[in-house]
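Quick heads-up: it's one chain on its own, the form predicted on its own, in structure tokens.
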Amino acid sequence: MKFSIMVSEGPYTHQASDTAYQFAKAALEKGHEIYRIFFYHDGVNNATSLTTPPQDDRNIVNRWSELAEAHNLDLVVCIAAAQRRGIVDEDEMKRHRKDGHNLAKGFRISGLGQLIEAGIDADRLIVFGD
């Protein structure tokens, strides 16, 4: 089966991110395909490279990046939600004349059209978060 996933809650504040990660990992291990993972609302906070949890805690951002690299996953961050929360890639940094960018490795910024496409092209769109 081909899944798309939407994560709408931030890491360390809600179980949704951890549960979505575990679901994606288990689905891939069982041979299913993940078409796209879309981060929306506070879920975009899963994509900031500035997250620095204590060393004895899980690094949720790094887990997503590593999973994406291992399985060639498409991790898409909603551009409007990201900019409102101070998350920009290099292009948006230049466009808005910011001092730096903080989009974590393996993520890309795009619009809601990517979420619609993910829902159309997957067999199931699963939402994690309120």
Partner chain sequence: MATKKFLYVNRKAPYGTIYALESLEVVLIGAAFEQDVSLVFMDDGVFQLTKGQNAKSAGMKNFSPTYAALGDYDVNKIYVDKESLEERGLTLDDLQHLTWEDENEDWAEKDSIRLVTRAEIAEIMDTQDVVLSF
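This is a predicted model, so every value here is computed, not measured. Positions refer to the first chain, counted from 1.
The same protein also has a form predicted together with the partner chain, omitted here; what follows describes it.
Visitor: Just one of 62-70, 34-42, 101-109, 88-96 has heavy atoms within 4.5 Å of the partner chain in the predicted complex; which?
Guide: That would be stretch 34-42.
Visitor: Does L28 make contact with the partner chain in the predicted complex, using a 4.5 Å heavy atom cut-off?
Guide: The answer is no: L28 has no heavy atom within 4.5 Å of the partner chain.
Visitor: Consider R84 of the chain shown here, and say whether it contacts the partner chain in the predicted complex, taking contact as heavy atoms within 4.5 Å.
Guide: Yes.
Visitor: Is the gap between A122 and the partner chain in the predicted complex 4.5 Å or less for some heavy atom pair?
Guide: A122: contacts the partner chain in the predicted complex.
Visitor: How about L115: is it within 4.5 Å of the partner chain in the predicted complex, going by heavy atoms?
Guide: Answer yes; at least one heavy atom of L115 falls within 4.5 Å of the partner chain in the predicted complex.
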